[in-house]
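Coming up is one lone chain in structure tokens, specifically the form predicted alone.
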Amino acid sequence: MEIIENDKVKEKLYIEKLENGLTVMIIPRKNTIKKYIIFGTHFGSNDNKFILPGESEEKSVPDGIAHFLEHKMFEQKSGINSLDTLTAMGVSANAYTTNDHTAYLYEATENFYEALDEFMDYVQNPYYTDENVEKEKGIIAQEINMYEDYPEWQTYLNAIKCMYKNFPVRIDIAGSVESIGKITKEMLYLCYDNFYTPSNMGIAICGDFEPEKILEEIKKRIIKTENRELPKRIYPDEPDEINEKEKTVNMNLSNPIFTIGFKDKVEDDMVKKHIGLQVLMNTLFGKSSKLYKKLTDENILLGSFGMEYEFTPNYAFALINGVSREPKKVIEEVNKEIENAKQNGLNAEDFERNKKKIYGAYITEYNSVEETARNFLADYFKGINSFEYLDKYADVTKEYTEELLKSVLVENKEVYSIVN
């Protein structure tokens, strides 16, 4: 195994690429009670158009199929649901779908290897029938309708739709009731066979393991399959410009909520950029900022700002969200603060304090076996080693962050989403 060591957190990452193409990442954590494993594929809601190897014609599958496939993976030919089996063993199992990957996981304090048998079996053995696919459509339709009633999800998704005109990140991960109605068992097998292939997948494991031993346990449970050539993913051209400036909807809630979005572009060093933007947004809008104090003292902002930066190799954007009786007033004050910082620069003391805060958050994540493993898997699908966030932290200077301020937080790339 390749061993990558990071002195800053005293952690080692063991990486092995198996003969079938599957990448296994092991982060040993001595004297921890909890063990955690996550098995994922680089196939998410964005991957709805592709060309199969040896073919020239583009195939299109319904929106939400990656999420639908994830739901169906637990059901086995025997009629038993693997989620129920794992729960009966005393382990906590789950799965999730994102825009760029799907993952299956469980954590355990005991019965880890017994659970591993069931876990590796169901992820590698899909079972779809016309009947169980039709049954699932009703369940997922209820989930879609439920999310449509969540104001937080609506303000987030509407901000994405304001930024993106064509790219499928603007589509709900679960799809729509109409789109999932078109899904068939043949489509599910098509996606599974072509995207759940070992070279497109990864496993991350964190806990009190001997790397060589747990690797052998994984190898024993790998079904021998031929590693297939991957489909060519087809993504639509996306203009640099935003799609629309603002979207406002009305829902039943006590106070309005808002999301401010900034459409960004992917560059060479996205880890450094990610760190810089986290520091920047915390400096301008965090709990220690002058703007936060002003807005809360005036009782305009209710609670704190939420801030995030999301990216894949295909897109990137920054988001700021919150609750306010006067969302338009908050947006106005946020833009004033951005322009003031552009003219006068960032306060050096505030910058250093927030930079240390972000670094502390990175360090703290290594206290959790769950966050460690999930981060390594998600970053792996982006072509990143999670240790890079610790290694590149020192490269983020005040001058670099001020450059990001001027290049990312710009008016012509800014959108607003409000739920009144």
Partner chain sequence: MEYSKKEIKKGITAHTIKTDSFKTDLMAVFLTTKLNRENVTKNAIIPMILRKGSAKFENAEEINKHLEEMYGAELDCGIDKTGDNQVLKFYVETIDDKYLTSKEDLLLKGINTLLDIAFNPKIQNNAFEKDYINTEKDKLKIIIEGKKDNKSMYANLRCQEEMFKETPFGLYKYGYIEDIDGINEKNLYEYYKKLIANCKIDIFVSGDINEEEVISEIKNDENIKKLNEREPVYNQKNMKLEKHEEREIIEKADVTQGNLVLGLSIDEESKKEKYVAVVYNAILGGSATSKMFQIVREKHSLAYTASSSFLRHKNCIFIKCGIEIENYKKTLDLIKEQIEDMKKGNFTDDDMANSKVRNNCTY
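Positions refer to the first chain, counted from 1. Computed from a predicted structure; not experimentally measured.
From this point on, the text means the form predicted together with its partner chain, which you will not see here.
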Fill in: 4.5 Å heavy atom contact with its partner chain in the model of the complex for all of 171, 179 and 328
no
Discussion item. To verify the annotation, which of these, 110, 310, 339, 130, has a non-hydrogen atom within 4.5 Å of its partner chain in the model of the complex?
Written reply: 110
Worksheet item: Is there a heavy atom of residue 357 no more than 4.5 Å from a heavy atom of its partner chain in the model of the complex?
Response: yes
Discussion item. Residue 73 versus its partner chain, in the model of the complex: is there a non-hydrogen atom within 4.5 Å?
Written reply: no
Discussion item. Whether residue 353 contacts its partner chain in the model of the complex should be assessed with a 4.5 Å heavy atom distance threshold; does it?
Written reply: yes
Worksheet item: Taking 4.5 angstroms as the cut-off for heavy atoms, does residue 254 touch its partner chain in the model of the complex?
Response: yes
Worksheet item: Counting only heavy atoms and a 4.5 Å cutoff, which of 199-207, 142-150, 273-281, 241-249 contacts its partner chain in the model of the complex?
Response: 142-150
Discussion item. Going through 84-122, which residues have a heavy atom within 4.5 Å of its partner chain in the model of the complex? Please give them in sequence order.
Written reply: 84, 87, 88, 89, 90, 91, 92, 109, 110, 111
